[in-house]
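We begin with a single chain expressed as structure tokens, specifically the form predicted on its own.
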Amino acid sequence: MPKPSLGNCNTRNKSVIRWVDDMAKLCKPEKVHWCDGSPAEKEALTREAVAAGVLIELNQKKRPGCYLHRSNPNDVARVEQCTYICTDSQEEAGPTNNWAPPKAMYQKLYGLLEGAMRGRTLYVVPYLMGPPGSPLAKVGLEITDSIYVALSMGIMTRMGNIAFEHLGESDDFNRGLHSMLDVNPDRRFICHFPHDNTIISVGSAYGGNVLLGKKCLALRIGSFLARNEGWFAEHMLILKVESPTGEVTYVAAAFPSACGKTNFAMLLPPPRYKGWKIQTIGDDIAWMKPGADGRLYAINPEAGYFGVVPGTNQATNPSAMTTISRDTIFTNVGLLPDGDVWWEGKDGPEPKECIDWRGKPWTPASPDKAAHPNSRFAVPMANNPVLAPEVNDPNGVPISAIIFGGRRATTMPLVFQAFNWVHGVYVGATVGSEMTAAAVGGAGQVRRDPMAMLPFCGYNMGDYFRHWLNMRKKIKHLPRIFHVNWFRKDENGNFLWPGFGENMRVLKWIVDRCHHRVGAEEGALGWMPVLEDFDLKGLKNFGPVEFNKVQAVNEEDWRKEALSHEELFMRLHATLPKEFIFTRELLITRL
């Protein structure tokens, strides 16, 4: 067993060194490398990854700094069935999480990890979640035997000595241990120990399961810490809206994966909105805490984007296309003969041939797709041409509106506003969406995904709802809550709303409501936009008739919808807030 060398790391933190030493003794690597986050280290690790076949260098003239990674075909998405919350009691984890007793799970995992890194390098990855100096920032330490993980964490977090500078001599850091083992689905576990601030992931090498700062710390452990410490850790984008007069509004929004979150975070206003500017604070995670002035302040704890690639093009998200033109690790996309990458929905004609995500020859006649439906890009947020400068503000930005939304072909109107905070929490808690390729299971099925947090809440979801309700006592100026649905279809299966950049029209109505500029009609679901206050000018083939269709509330459909809420409520009956029962009864009464 080699004696770990600190290399260029500037920590002498005894708790850190002791823990790394203990994990190295358990895993028995050939070598230990402490990541310092420097450009020279990134270059050296990248060369090493290419030499080992972990990364494929792309055409550096077309895609400077870009590489392709292929994961094992059995390891291409989050695995909710293998994801566990390990608390002393099953009730604390709740009925929507897989639960395991901590002692038994530690024993099982340490048995799998005994000698698991023989012949491999153990990478110590220190990372900071959040801007340096932020009171909400958290330090994590991930030990991994994957060079892909080390490089990806360098993109997705503020990685290296910056984390140790923030930590100092404290032992308050998240302990994350990851080993690929042999990437066997039968020995795949992603386990969270909230009371120990610890994560252990084995048997996977796919991003969402192994980049432990992302869903694992930012949401599952983060939500547990947030409940205990009086803040929110949410699966939300954060964007900045600036009007031509310089008025600035900050908005947070929660959509399930692959439901347009990144597109909305990088929204490009249509020509009609000349002078309006949308900038990105974050595309996936929001940590929010009440400020001294009574407003709710949000930071993006990440430093990069881990987005879904298929369907990304100049029409759907021009800013993302610019962002991923350099310094990007692509996972499970097609490889073109000229060394560029390709995916379904990319600009330009379909290629005559390429190498698919499995590494096999592909042509348009092939039965399978060239890129996996859940193929990804990992890219530094600094590449984003519409990145808001406030992204590095340690105090965060004040949130005026919270938007919930899902992918619904029927029932849900384009936009409405909740009557109040309790009603808004209910609206978020009953979000329904079609399942996506980001989760193992049947894509296309509709399921309840409260606040887009169902796979990510690190404790009992009924208690999570209670936390949301309780926080209204700590926030003097509560954000207004809205619900949107870009995906409603007509009887022929065509989308009713044009979406993409035109979503700016919905966003403008929301901003106007926050600033008391427009009124609204009271409806069964909430406050609905008045036609005269909703900008339809310049929209092709979309006028008052189409607006009424996309906003229509079918009472019979909604009675069924309200009754279907019972399915979730029954699962959470032991901890479900009583306010939800009353809110549902009021909804049924209004219908």
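Residue indices: 1-based, along the sequence shown. If you're wondering where the values come from, they're calculated on a predicted model, not measured in any experiment.
What comes next is about the form predicted in complex with a small molecule, which does not appear here.
Note that among 125-133, 160-168, 193-201, 483-491, the stretch whose heavy atoms approach the small molecule to within 4.5 Å in the predicted bound form is 483-491. Exactly one listed residue, out of K289, R227, H235, R513, brings a non-hydrogen atom to within 4.5 Å of the small molecule in the predicted bound form: H235.
Proximity to the small molecule in the predicted bound form, defined as a heavy atom within 4.5 Å, holds among Q417, N263, T87, N97 only for N263.
Heavy atoms of F500 reach within 4.5 Å of the small molecule in the predicted bound form, making it an interface residue. In the predicted bound form, none of the heavy atoms of Y250 sits within 4.5 Å of a heavy atom of the small molecule. Although the partner is absent here, R407 lies within 4.5 Å of the small molecule in the predicted bound form, judged by heavy atoms.
Contact annotation for F306: at least one heavy atom lies within 4.5 Å of the small molecule in the predicted bound form.
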